[in-house]
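One chain is shown next in structure tokens, namely the form predicted on its own.
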């Protein structure tokens, strides 16, 4: 079982213990453990496999928690967790997925109103019963009702790209391991995962082999399979214990490129390419490009695109958002003029990084050393301002104290550079949580919305525009405010925001956190066309989060960005 699934179990245990009014030390230990597990760069199963006592060496993981992790790794479940879940009505824990609803409120709703699930909570809010409860009011009730409607309007069937990639990589590694590895000529996930869409419905894996039977035997023996839906000689479908469906197709190597192009999609992109082939008197399918009965291309994707008169189109661009028109205009000989999409290796630094001066878990030196070791040239230390009440939020005095530590570390770590920065809250009226006297002394000023998400569009837009016009602002962070599958974007005129950022030389952030991936790709492409500049940042709260930068790069590539469009793809 992967780290995210184990972390979710630990978080649920903590939630139930808090609802049951257990010792705070107990439920907080599970909360801390869940956060630690989410931040790990190595899978718990790998740590345990390499060292049976390795789990207890993880900070915050004692013997009892380690034993629970081992139980989950070896059996796929925790008896203790299952017993706790059975003490609650069906659907009870789902209420915790509602924005602004935590264990204390869930317990209040249950004890006072016998509310057991989201549907009953919605009815209680609509009947104005919540506002009668202790600590509640009309405003709180209205916000909870709005949050419920947000939740119900959001799809929860699709997985985060982060989760899907991790599960696909593990499955592919299993198939390649051992003797079957020698039988595989090529293997690659395709579909929306390969296009790096922010969410994935199911996982499609394509394999080329002359011995599909052996590959299928290995495939259906994967320990994480919960159910085999179908098993054939060249195609099988399974559902993993995590609930996601995985389909495997095994084909001949000569058709691998054509099949990869076909099953990568998107559907709209494929309709256009097949139409182009048809106009040229050719037929394009998952088996190849055919001139009559003669196969003229199929082994590689480049070969397929070139056969129908197009340059190779990167998977991330295949959404029918203008890539076909561009490719037709350039032709095969114009491939060098296709966008040279940014790559992870192009990034020179990370301009949105946190430390234990605010709400992260590592000191500045530990974070900086990790980035330096990874080959980066610089980071910006951008701990939170104090306004939103985040633990250890930074006021003017503490920020200036931090500068002294950064100055010392810059001497020690040179030529690596730590830039002085802050993630500054945008107040409801558009003013900033730190005075200009401090802002003008910072190397990087990130501004962000962390509150009042429900403002009307005109008011929210005006609020942000006012903040972006501050002359000291460098970057606008996670511009839509959304959390994928959890919280929708706030209502805002994004075109007006983009134009204001351009006019005031403010970079738009592509926040790489897997639950954000914000700014969204459609706005990235739009902003690029208008002339915006961008920063691809991790929003790191642990040095291992630098691994998230690749998700920001995925978004950038889907928005057709090149290195020249990204400020932290340049040296200082």
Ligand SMILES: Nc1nc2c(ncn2[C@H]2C[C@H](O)[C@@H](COP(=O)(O)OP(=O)(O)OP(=O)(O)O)O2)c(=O)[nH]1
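The term rigid core refers to the maximal set of C-alpha atoms that superpose within 1.5 Å between the two forms. In this text the structure is predicted, and so the values were computed from the model without any measurement. Numbering follows the first chain given and starts at 1.
Form predicted in complex with this ligand: not shown, discussed below.
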| query | finding |
| --- | --- |
| is_contact(residue 191, this ligand) in the model of the complex, heavy atom dist at most 4.5 Å | yes |
| Close approach of residue 393 to this ligand in the model of the complex, 4.5 Å, heavy atom | no |
| Contact label in the model of the complex: residue 263 to this ligand, heavy atom within 4.5 Å | yes |
| Touches this ligand in the model of the complex: residue 461 (any heavy atom, 4.5 Å) | no |
| Residue stretch of 490 to 498, 181 to 189, 199 to 207, 342 to 350 approaching this ligand in the model of the complex, non-hydrogen atom distance within 4.5 Å | 199 to 207 |
| In the model of the complex, the residue from 372, 99, 158, 214 that sits within 4.5 Å of this ligand by heavy atoms | 158 |
| Residue among 270, 362, 300, 402 with a heavy atom within 4.5 Å of this ligand in the model of the complex | 270 |
| CA of residue 235, rigid core aligned, shift of 2 Å or more between this form and the one not shown | yes |
| Residue pair residue 554, residue 35 - Cα distance in the model of the complex, closer or farther (3 Å or more) | closer |
